[in-house]
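This document starts with two versions of one protein chain, written out as structure tokens and named structure 1 and structure 2.
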Structure 1
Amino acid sequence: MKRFLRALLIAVFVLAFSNLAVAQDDLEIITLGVAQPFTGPLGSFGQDFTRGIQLAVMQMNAQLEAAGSKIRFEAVSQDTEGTPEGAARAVRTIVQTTNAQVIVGPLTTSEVLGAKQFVDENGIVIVAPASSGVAGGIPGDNIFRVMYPPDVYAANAFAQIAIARGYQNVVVLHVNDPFGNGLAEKFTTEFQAAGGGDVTVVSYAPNPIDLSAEATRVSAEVARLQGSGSTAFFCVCFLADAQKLLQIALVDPTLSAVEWMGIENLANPQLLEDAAIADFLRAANFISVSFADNSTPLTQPFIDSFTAEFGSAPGPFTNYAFDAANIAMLTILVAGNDGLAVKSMLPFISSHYIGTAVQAYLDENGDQAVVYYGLFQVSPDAPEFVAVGSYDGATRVVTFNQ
């Protein structure tokens, strides 16, 4: 009898294990491509974005398992190195080595445009979490910029701020890439259409080792334009580049006396860790247009889950990578792992997706059309950025707090 029971238990165990193995073998694994810069000046952003995407995949797989679905997602990543060429290579490698039809990323507009020809020609879909350059707003292509709105809105907001502050002239320093070129050009158009005067533009090559020459030219242009009226400086610079510039500006009598404006990534607490920089920006009446601290029911759960999983809070805009990955996976679940079908269905899925900060809703270019910015300055009492106003993309109106 004991032998019989032992044999029966062994048989049950073997059968159960066999069924489990069959069930595991029966899973449909769908590759979600991840193309982000892991190295270079934007490496910290890319690494954090990738963790946000990984969290989305983990949570989706847990839900699919609980629902009894045989579908699972697997994230396969490649380093774009922060360049157009690197992005094209990363996307091509993912597609050619897997069956990925959808790529989350790349990060910047120059990277997205670097991969554009390949994805358009091969029916692959890019879901870009943070690309905003004006040059990326192209109808009918395979690129969807689902959470981060295009820079036409930021340019309009900065132009309104400049007019409200009484600036007659502005000197712009911008990175020489599709993002920087587009924002500088659009700002110039908006500012002058609103009654502004001269705009002098100085560009710098991406990933600069030093900005001494550019700082000298900006300083000279500010001094020249101040002779014809109130002049401000507008920094369209990535964080690491702005840090290099600020070290020079600290000892430049012209740059330390002019008022400053700066793009969204400069409203970053990391800048204020240097007390001298915090004091400088406070004295320069520095103002940035960045995303308001909007929240949805998904905001805090995302922050809590990310922190629990990775041991630190998510960095700036990482939630957009999380949202982009969810939109990509939800679309694949509905349309199948087929690039053309995903392209057709994704705008519908996006318009029904409530994200961690704002609802996604795409315009005719496949870009986020819901826009609500905050205006931020350095607090007079502490080294921190505080909201001093807002910008509503629906009305295109800047409002300053009383």
Structure 2
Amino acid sequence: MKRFLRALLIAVFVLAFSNLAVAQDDLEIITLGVAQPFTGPLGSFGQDFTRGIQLAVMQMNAQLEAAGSKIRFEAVSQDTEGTPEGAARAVRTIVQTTNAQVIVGPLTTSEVLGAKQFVDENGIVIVAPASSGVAGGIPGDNIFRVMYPPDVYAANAFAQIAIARGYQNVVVLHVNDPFGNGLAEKFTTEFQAAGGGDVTVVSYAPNPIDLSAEATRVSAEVARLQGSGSTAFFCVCFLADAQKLLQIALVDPTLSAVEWMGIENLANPQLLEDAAIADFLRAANFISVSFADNSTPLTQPFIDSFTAEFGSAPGPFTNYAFDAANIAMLTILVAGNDGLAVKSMLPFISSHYIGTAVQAYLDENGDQAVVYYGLFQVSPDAPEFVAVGSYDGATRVVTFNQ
């Protein structure tokens, strides 16, 4: 009897483990490529974005398991180093080592464009969470920018603000990269089409050590244009560059006397930590726009899940990476893990996806077309940005709060 029981026990164990092995073998693992900058100036964004994507994969796998599905997703990441060449290398490495058909990322438009040729030639799909540069809006390619709207809307919003504020001329200082060039160019077109006057554009090389020479030129251009009417300054600069510029502007009589507009980067509370800069921006009537000043039923659950999983709240735009990963996985589940099928199906899935900030709906370029910007200025009472209005991308109208 003992011998029988021992044999039975062994048989049960063998069967149990063999079943487990079969169950493991039966799982279909689909690789979701993740190309984000883990190093370089955008490293902190890349790391947070990747956590957002990992959270989406964990939640999706839990749902698939609960539903009895044999499909599981696995995120495989590569560092883009924040450069176009690095992005191309990262995407190529992921595809060649894992056969992934869909990549979530990269972060910036420069990186996305760096990887474009490879993905277009190899039928791979890129789902970029936060790229917005005008240069990335190309119809028919394999790049989908699903959550963050392209800068054509930001350009239009700033043009509408400039007209509403009565600016006749604008001097633009912009970083010389696809993002800065595209936004400055589009702003000029939109402003002049809306009845604006002269736009003078001054560009600077990325990652400047100092912006003294550029600031002098901007100051001279503002002084020149003020002769022909009300003139404003539009700063298309990253935060670190704006900090350098502000140090010069603080003591420049012309730049201190002109009104300022600035891109979303600059509606950053970090800038206002310096009381002199907060006072300056308040006096300059500084205005910026910020996307997705909205929430959906998914906003708070995402923040809670992220915080519970990683021990800190998600950084700026991390929810877009979470949304992009969800759209990519849902499309793969419907269309199969095939790049061309995903390309065909992704706009349909996107337009039925409720995001953590806004719903996705893609235009003819495969870019987000649902656009709500909040307009922000420095509060007259405290060093903080407060909402002063909104912009609706559907109507292309700016509305200021009463």
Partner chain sequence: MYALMALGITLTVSVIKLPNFAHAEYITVGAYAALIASQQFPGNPLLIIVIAGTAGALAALIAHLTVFRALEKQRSSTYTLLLASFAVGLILRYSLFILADSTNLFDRRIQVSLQVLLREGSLIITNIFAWVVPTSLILVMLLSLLLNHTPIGRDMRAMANNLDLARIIGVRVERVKNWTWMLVGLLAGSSGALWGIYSSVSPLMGWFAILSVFAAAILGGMSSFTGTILGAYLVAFSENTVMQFLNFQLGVDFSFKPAVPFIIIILILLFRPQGLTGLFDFLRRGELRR
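C-alpha atoms forming the largest set that superposes within 1.5 Å between two forms make up the rigid core. Here, a residue number simply tells you its place in the sequence of structure 1, counted from 1. Everything numeric here is computed off the predicted structure, so don't read it as measured data.
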ask   = Since only one of the two is the form predicted on its own, can you say which one?
value = 1
query = Against the rigid core, is the Cα displacement of Glu273 between the two structures at least 2 Å?
reply = yes
query = Comparing between the two structures on the rigid core, is the C-alpha shift at Pro253 2 Å or larger?
reply = yes
inquiry  = When the rigid core is used for the superposition, does Phe144 move between the two structures (threshold: C-alpha shift of 2 Å or more)?
reply    = no
task = Determine, in Å, the CA shift of Ser228 between the two structures after the rigid core is used for superposition.
result = 4.2
